[in-house]
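The form predicted alone is given below as one chain in structure tokens.
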């Protein structure tokens, strides 16, 4: 088990960072969505992480030709998808497994999706059950609740489905299935989740419309979509770790270059700004996604905050935000975040366990937690194989030396995380 020690830093930092990892969510989608076209998609700045490379390998197993020159990727789809002669390994990527489940449900053939030991224990029923409800033939361990997932793809009927949870992965899986149905389908969620799937597919020529009544209308594809020609922006979720660092270390600042400024992806920055950090968004372009820079500066001691809205827009950043809450003045509260229980780990338990080891008082609820700000103390914490938990406590280590267990998981989403962190503090 790989353990990293992050040493306390005694000096401020000022960085302009153009090496934040490319966006993982968009990289996954680039690989999968290229298969809806009949021409070569060109993708620059593709994330070369283990999870996204697993999605790219699956594209090849399905018959596409993939040319790679570092992060420049060209994907030429097959005339028809090939039924693979082996299982499709998604690595640690819940996004990959859930989106491929929806995508493959509408194609003729047998497809078996699996992943690493952590992914095989993550709940898949939230996607598999809705897909079954609309006619997909899918099975798996515990009646489809766990991987490996077995898909017997084929023709799908149109549907009208109202989801009980706001999840971009569930929504995306149903959209991908709806594109292969025989007529219009409709999907609704109570709160709008992240919308990369709709934006990217519409940019390729699909017809997915959010109606005034809140339903998402999905028109089936009558012809192949246009190929992608995209530069994947930097990932604001990855950059957020260093945003927190600059907000909690006196006299520090950072400019995160060329990140997506999609409103559904920068909510955590708005929360951090609400806690007192000096944050500015500078938009530079808007094609598939709004893209620009984010400037974050230390602005004094942070104050506690209650987070209960737009949880689906900041679910991935809540572990890092918990570090900011741990040093803020007062009691911070997180509500309506039960979704944290079904991420790479049970993030409510994982993050609170680590904070308690650091001497921070917390209380746990089924759908959230309270954190009473204080002084982070040096500790040894377990990441539970969760890359966002591991990186969050690495940031905490800048304030008080920290040992983090099981950090190999970071390679799946942010391969150069420690390289950037080493510009701020010493790592061993």
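Residue numbers count along the first chain shown, from 1. If you're wondering where the values come from, they're calculated on a predicted model, not measured in any experiment.
Another form, the form predicted in complex with a small molecule, is not on view; read the next lines as being about it.
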property	result
The single option of 92, 262, 332, 169 touching the small molecule in the predicted bound form, heavy atom within 4.5 Å	169
The small molecule: the contacting residue among 315, 134, 358, 225 in the predicted bound form [heavy atom, 4.5 Å]	315
Residue 343 within 4.5 Å of the small molecule in the predicted bound form, heavy atoms	yes
Contact flag, residue 180 vs the small molecule in the predicted bound form, heavy atom cut 4.5 Å	no
Residue contact check: residue 126 to the small molecule in the predicted bound form, 4.5 Å heavy atom	yes
Heavy atom of residue 199 within 4.5 Å of the small molecule in the predicted bound form	no
Contact stretch among 244 to 252, 161 to 169, 81 to 89, 217 to 225 - heavy atom within 4.5 Å of the small molecule in the predicted bound form	161 to 169
